[in-house]
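Coming up, as structure tokens: structure 1 and structure 2, two forms of one and the same protein chain.
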Structure 1
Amino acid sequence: MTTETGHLARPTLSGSLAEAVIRMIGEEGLVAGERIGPQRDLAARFGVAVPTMREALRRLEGLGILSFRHGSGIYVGENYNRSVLPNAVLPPADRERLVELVQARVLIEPAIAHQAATVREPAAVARLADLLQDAHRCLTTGEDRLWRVNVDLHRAIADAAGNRIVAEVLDVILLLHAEDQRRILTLHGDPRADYEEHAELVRLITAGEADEVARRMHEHLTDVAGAIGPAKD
């Protein structure tokens, strides 16, 4: 029970190498998308053989902190300096797992919306308006992008709450079994009603109506959860 080291110890060479690479990225001020040196140079720099260096780099690739491109180079990934990460190699989800995923959203997102209406991070609030408009466009033209836009809208709400950890948590939840979530939610959802509810959520956040937006967000998500939850397949 209370043992649990959380796999944080790194007594191994490969482990300390990974740590050293992280430090190096920080010192050189590299950001996501930029290239780190060639593996051969890195190996020489840290005084190890290429395969050993590659093991350390692969480890970071698993976390999404690095990204390999054959023939091109090794690049800093999106998850560098990100705290909460999704398990990228998760076994396929059963129905129960998906229900839990949606219920987790029911639990967390109202609180996020409440905070968003309180903090109202300007950049994110501006993006809310854009996304809403974009969603409306997709709705009239029937574009496939609608799902993505709606997800981005929920993420923008989290951004408006002004807390990176919270934003990352929601990000991960929305990313987990993303395809399954999309299938299940588009199946049970009404695009028109979704849009109206999103518009109302954005209005309430902009107006700073924290309590009301939390209530509405709860309803917005409970509708979906209720539709898929009880169904036993």
Structure 2
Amino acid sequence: MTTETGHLARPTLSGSLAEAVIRMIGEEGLVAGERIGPQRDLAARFGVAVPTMREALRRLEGLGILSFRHGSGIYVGENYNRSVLPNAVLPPADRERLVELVQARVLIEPAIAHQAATVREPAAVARLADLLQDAHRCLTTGEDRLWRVNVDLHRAIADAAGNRIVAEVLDVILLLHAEDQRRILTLHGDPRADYEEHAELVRLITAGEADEVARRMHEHLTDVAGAIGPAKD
């Protein structure tokens, strides 16, 4: 929504900004890995304050549509122009929706893990090992980006299954309310136990133990859903 001057109207500002940036990327013919303008220039372009622009850009980062590189700038992310994308403008989830989000994952991720252990796409399996090391560093140093590393690990499991559409569908679920994945980790309450479960999932996939990793994935996600609390009937 815009005003007569072309500036974005405040009632739907955050969502409108996100949509406008996506349109801008398409109009300028940018592709994944190419840099977009600085935050200050984008804020001037859309007629908003820099903090407001930053909030919209961070929302798109959470969806994988943009990528922030420290000291370098903002780039078009890997999720731009995918076949399936999450909604960029959904409000924050309540506890009930968080439980339903994890329950949806219980229905599909065990089968994805089974396929990952069967296919074991090499680049994705290598990335799983790297992400596991990164998660361990986060635990050791207390970095608060552990939630994002955990999300990326589950995404890499889908990549290891070797089916691009399956990976994109899981991205929608994992990146839906991406910031709320941080809340899920907090509500789960035991980052160390969560890490150990992820390490076992990676070990089983690497070893090709498809049936066992499917069982463990179901158990892992069921435990997470239970820790958050029951959804309402």
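Note that the structure is predicted; figures quoted are calculated from it, not measured. Along the sequence of structure 1, residues get numbers from 1 upward. The term rigid core refers to the most C-alpha atoms you can superpose between the two forms while keeping them within 1.5 Å.
Q: Which of the two structures shown, 1 or 2, corresponds to the form predicted in complex with the DNA?
A: Of the two, structure 1 is the form predicted in complex with the DNA.
Q: After fitting the rigid core, is the C-alpha of Val149 off by 2 Å or more between structure 1 and structure 2?
A: No, the C-alpha position differs by under 2 Å between structure 1 and structure 2.
Q: Superposing on the rigid core, I want to see if Pro122 changes position between structure 1 and structure 2 - specifically a Cα shift of 2 Å or more.
A: Pro122: C-alpha displaced by less than 2 Å between structure 1 and structure 2.
Q: Superposing on the rigid core, is the Cα displacement of Leu221 between structure 1 and structure 2 2 Å or more?
A: Moves: no, less than 2 Å.
Q: After superposing on the rigid core, what is the C-alpha displacement of Val76 between structure 1 and structure 2, in Å?
A: It moves 7.8 Å at the C-alpha.
Q: Cα of Gly62: shift between structure 1 and structure 2 in Å, core-fitted?
A: Here the C-alpha difference is 16.1 Å.
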